[in-house]
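Below: one protein chain in two forms, given as structure tokens, structure 1 then structure 2.
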Structure 1
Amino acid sequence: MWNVRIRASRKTCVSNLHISGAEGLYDTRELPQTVTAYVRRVLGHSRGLPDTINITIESMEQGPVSVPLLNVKTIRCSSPDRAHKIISEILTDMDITQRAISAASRVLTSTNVMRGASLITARTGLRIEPDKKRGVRVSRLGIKRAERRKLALSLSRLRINTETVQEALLLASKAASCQGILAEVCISDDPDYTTGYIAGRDIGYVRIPNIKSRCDMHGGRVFFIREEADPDPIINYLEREPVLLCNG
């Protein structure tokens, strides 16, 4: 199989502005149509036209493992304060300490948004990602077309069939299948997207409305990892090992 990644950006006077990106795992015969669809998609993005489009097409030495999608549920939550309480309760139930929860809050509410995720130890609350600025990027994940159609149908029934939800659910499901990871919390860095989630193998994918206020510029992702776990295989799994998601 092949991993196809696309990334569109535009130079501004201060920096290279990220416009949009996407990735997936595909068979050889799917490559031409996939590349066309990805290019169309980044050209039609609301953040504007890119001036550079990078496409990487990489053959995967290892065959993908199949991982079930997490169950989706949305809880009621009316404010960021409530969201914080709900998340703290769920994490405390998982034996994640207050120290670790506070460390996660600092990452998630920082306006210094990382491209990837922070890895936080569940007891001592230490940040152990090697690059604190970039974080760890979950990559090499995809879903077969028939499975994507089934997923779209079940999300449509919940009226949440958007690309944002699909992609977040795929990412969270890959991460939750990693032995060393206990839970994930995610807040979008998009100022208009105020629904976040907490996810884990046992709790599933739990959507939390109003996790942040409209116009808040912060956002991020944290993974709580088992205190004694070795970070290297976790990072290797998240970043490198090919995973195909399927409906459970």
Structure 2
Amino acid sequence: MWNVRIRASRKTCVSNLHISGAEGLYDTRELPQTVTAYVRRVLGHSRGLPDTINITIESMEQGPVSVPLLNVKTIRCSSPDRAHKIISEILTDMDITQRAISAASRVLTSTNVMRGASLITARTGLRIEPDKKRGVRVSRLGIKRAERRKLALSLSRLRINTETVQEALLLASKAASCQGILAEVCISDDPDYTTGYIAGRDIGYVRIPNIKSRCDMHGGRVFFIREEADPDPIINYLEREPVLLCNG
């Protein structure tokens, strides 16, 4: 299999603004159409036109492991304030401290959007990702065509079958399968997408509408990890281990 990754950005007066990114695991015959679709996607993104597009196509020497998709649910939510209260309540029930929740909130609401995710210890609330600007990426994941069709059907029944939801669910499911991770919270930096989520092995993939106001450019991703966990195996699994998601 091949891992295809695309990242699009635009230079500003202060930094490189992240525009869009996507990736997946694909068979050889799928490569041409996949690359074309990815390029069309970044050129039509709501964050604007990029001036740099990087495409990486990497052969996977290691065979992927199979990981089940998380169950999906949506919580009714009418405002960002309510969304953050819901998230705080769920995390507190998971024995994640207020100190850690506050640290995560600073990452998720920052206007300085990270490329990757922050790793935050569940009790002391320390950020332990090695590079605070880059963060930790969740990479080398995908889903077979037959499994994607099943996923599309199940999401269609919930009226949420979009590319955005599918990709977020795949990413959250890989992360939740990592032993050291307790929970994930994500807010998209897309100004037109205002549904975030909280996810974990025990709670599933929980969508939260109106997690931010429309046109907000901020967003981020945080992983709460077990206090005693070694971050190196976690980072290696998230970034390097190939995973194929499947319907449970």
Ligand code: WAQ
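The first residue in the sequence of structure 1 is number 1, and each one after it adds one. Take the two forms, find the largest set of C-alpha atoms that superpose within 1.5 Å, and that set is the rigid core. If you're wondering where the values come from, they're calculated on a predicted model, not measured in any experiment.
Looking at the condition given, the form predicted together with this ligand, one finds it describes the source of structure 1 alone. Rotation of the smaller rigid segment with respect to the larger between the two structures, from C-alpha superposition: 14°.
In the rigid-core superposition between the two structures, residue position Ala8 carries a C-alpha shift of 4.4 Å. Relative to the superposed core, Asn54 has its Cα moved 3.6 Å between the two structures.
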